[in-house]
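First, one chain by itself in structure tokens, the form predicted on its own.
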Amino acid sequence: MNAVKPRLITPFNVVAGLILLFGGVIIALRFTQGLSFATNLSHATTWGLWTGFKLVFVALAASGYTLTTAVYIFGMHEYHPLVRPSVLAGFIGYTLFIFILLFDLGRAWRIYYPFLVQPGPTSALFEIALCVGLYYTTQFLELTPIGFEWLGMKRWRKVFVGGTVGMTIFGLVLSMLHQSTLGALFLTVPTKLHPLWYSPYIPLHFFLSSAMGGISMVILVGMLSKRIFSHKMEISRETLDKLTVGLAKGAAIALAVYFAVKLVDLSIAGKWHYLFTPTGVWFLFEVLGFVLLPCLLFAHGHREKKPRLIRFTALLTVLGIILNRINIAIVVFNYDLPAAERYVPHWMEYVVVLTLITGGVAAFKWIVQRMPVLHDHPDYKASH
């Protein structure tokens, strides 16, 4: 592996630096001036753009549990070269979730209250906080071998590698719990969320959609890593294409199950008549355009072995996850409010989201350029 020293001054670094600098000022103003200064939230609408992207970050961060489950539990070891970048992407996704949660809380400095001051074990929020905290720690531990290899700490690396299977099982259980419970939060607002999106099965919707989003993120992370860090990624383009085709099968199955659950939900609750309304057209746009269509494209791409089509479909699926979460958190939330009272995000809310995404991409880039994420460390090739 040829060592390439990362350059400090690059177009990406300059643009990212400017975004982070400007976004940092906005974030500082949010904490010094309060939520009312940087957001358009109100007593009528307390969940907004940041809540929507909390749900987005967690869903797309499922790249970690989906691939580790496939490799370490189901024995699909051919996908091992994609495990580390997928877990790293998932860890960064949860980091962004934690940061945007802090920005969204009125008194962020009291974030430890649910654990130490006023624990509420019967609360969905308590369960989410506990599971996310435990899973975030688990992902960090799963990534520690990368740091130990980088630092030359062989003994500690051996200790944590030995716990990989146990951490994978623990992480899968935690992911199932908090992904579904994020959906369960909306069970508390049956009169605020439009009936086409509200369902007693919404926890299942959230978990299934996280699985299809996680697999899609694995595909995109692999493609972008190969394209941008080709000097770091050891597997060939042909091998990556083969893995991409294999992942398409899992993504198609996940999308098919999610679509079927949606149809069953519509039938059980008798919601078909809502489809003939303007909001129903928007629902069909989401479900047909970003669930059924990607399902068929993934299946076709897998059968005909078309990795480029599969990568496009993965992007389409990720956009569908974003659309679904934004719909639930903003577009069809408080749908019965008069138009003049409907929530519209403040421009500063968009800046904060862009700042977090930029920071996440920059962190991924920095780690990949310096640590053995996309390639095997020379001292441990035999053990991978």
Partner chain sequence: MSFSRRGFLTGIAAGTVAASSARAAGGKHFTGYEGRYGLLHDSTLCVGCRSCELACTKVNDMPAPATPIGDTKIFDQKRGVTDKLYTVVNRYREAKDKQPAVYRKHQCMHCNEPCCASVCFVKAFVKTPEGPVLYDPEVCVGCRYCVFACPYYALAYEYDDPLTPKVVRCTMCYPRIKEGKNPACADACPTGAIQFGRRKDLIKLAQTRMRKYPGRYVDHLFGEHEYGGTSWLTLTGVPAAEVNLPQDVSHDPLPNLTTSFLSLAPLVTAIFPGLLVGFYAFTKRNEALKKKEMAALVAKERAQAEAHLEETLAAKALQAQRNEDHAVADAVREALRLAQKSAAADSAKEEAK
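Numbering follows the first chain given and starts at 1. What you see is a predicted model, and the numbers here were worked out from it, not measured in a lab.
The discussion below concerns the form predicted in complex with its partner chain, not included here.
Although the partner is absent here, residue 203 is a contact residue: one of its heavy atoms lies within 4.5 angstroms of its partner chain in the predicted bound form. Among residues of the shown chain, residue 110 is one whose heavy atoms approach its partner chain to within 4.5 Å in the predicted bound form. Interface membership of residue 47, defined by any non-hydrogen atom within 4.5 Å of its partner chain in the predicted bound form, is confirmed.
The closest non-hydrogen atom of residue 334 lies within 4.5 Å of its partner chain in the predicted bound form. Stretch 163-171 is the answer when you ask which of 256-264, 163-171, 285-293, 84-92 has residues with heavy atoms within 4.5 Å of its partner chain in the predicted bound form. Using a 4.5 angstroms heavy atom cutoff to its partner chain in the predicted bound form, none of 237, 240 and 245 count as contacting. 118 is the sole member of 230, 277, 137, 118 with a non-hydrogen atom within 4.5 Å of its partner chain in the predicted bound form.
Taking 177, 220, 299, 143 one by one, only a single residue has any non-hydrogen atom within 4.5 Å of its partner chain in the predicted bound form, and it is 177. Contacts with its partner chain in the predicted bound form, taken as any heavy atom within 4.5 Å, map within 24-38 to 31, 32, 33, 34, 35, 36.
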